[in-house]
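Below you'll find only one chain, the form predicted on its own, shown as structure tokens.
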């Protein structure tokens, strides 16, 4: 794949302009007009997601040979921002597909990659990744879901919670322990297919935001999984989960930039219609200065996001430990920014701030959960504090 600089003369590691142009066109023509209804009715955004998948845009980080686009992490982050700025639910479905595909790409056998990745990239399959449990959210090492070998299969028992795409998923990457006494060293990943005996998904949870992106509990009751469906060797699941989290935290950060941008743009459009952006009164100038501050904050967050994504592209996924602090800083900053800018936009709109037709209150609701999933922002602060201690030991 030729670099962006070879095609356009811009910064060498900028997002692929052709991919961004394609995404923006689909969002404008196929997604934007559905976003408010998806939120209001809690409708799974299948039509919106499939429009992206049909254009070959669903498997950006997956190699061509596996059915993907083999794009950079910078391009992927920029695409998530674009989608999130328009429709939060579509962005969550979109990135969850990648969160499912990525562990299969990293740890899957050639047969597993061939079986699952083309379908995830084309949108033929929906995917999910199941890590969190009722008593093991941020502390994945304490998970209770178990996997025990029994003849020609592993038998999985346990419960997962807050699983995006879970009720739609044809393919689920499930993390389970093979021996709780060994902690994280016994965690192992498996691919579980829809319809496997003993595997059921609950009803979608009613949520504050991202209402169209279904989030469910999953239940495993003597669920038999073929031996060939283990991802990687026994006990390698914790490291695989941490590598996957590095990608998903970049996804959440990109959503944060997108939600902030969506709220800012909705507010700016409203004030433009009212003539406030051309007026010179003190009230109009106050609005213009507030919008200018939002614009600058979003631009700075995007620069941080792209820098971190570029470091992943430069040093490779195997160096996730070395990038852990950078990723934590990016996830923390960009998701906190999304809530702060959306709240600022709602406040600036005054009595119009909670009007659903303007879309600002929707972005505020959508943004809140980004501070919670893919490692709470308290966890990100803990990781950053640990790095500070090491630096000043």
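It should be emphasised that the depicted structure is a prediction, and the values quoted were computed from it without experimental measurement. Residue numbers count along the first chain shown, from 1.
Form predicted in complex with a small molecule: not shown, discussed below.
For a residue to qualify, one of its non-hydrogen atoms must sit within 4.5 Å of the small molecule in the model of the complex; all three of 215, 369 and 373 qualify.
When the small molecule is considered in the model of the complex, only one residue from 130, 88, 121, 79 comes within 4.5 Å through any heavy atom, namely 130. Contact with the small molecule in the model of the complex, defined as a heavy atom within 4.5 Å, holds for exactly one of 199, 126, 162, 190, namely 162. Although the partner is absent here, residue 382 sits close enough that one of its heavy atoms falls within 4.5 Å of the small molecule in the model of the complex. Heavy atoms of residue 269 never reach within 4.5 Å of the small molecule in the model of the complex, leaving it off the interface. Within 4.5 Å of some heavy atom of the small molecule in the model of the complex lies at least one heavy atom of residue 207. Contact with the small molecule in the model of the complex, defined as any heavy atom within 4.5 Å, is confined among 207-215, 107-115, 232-240, 145-153 to 207-215.
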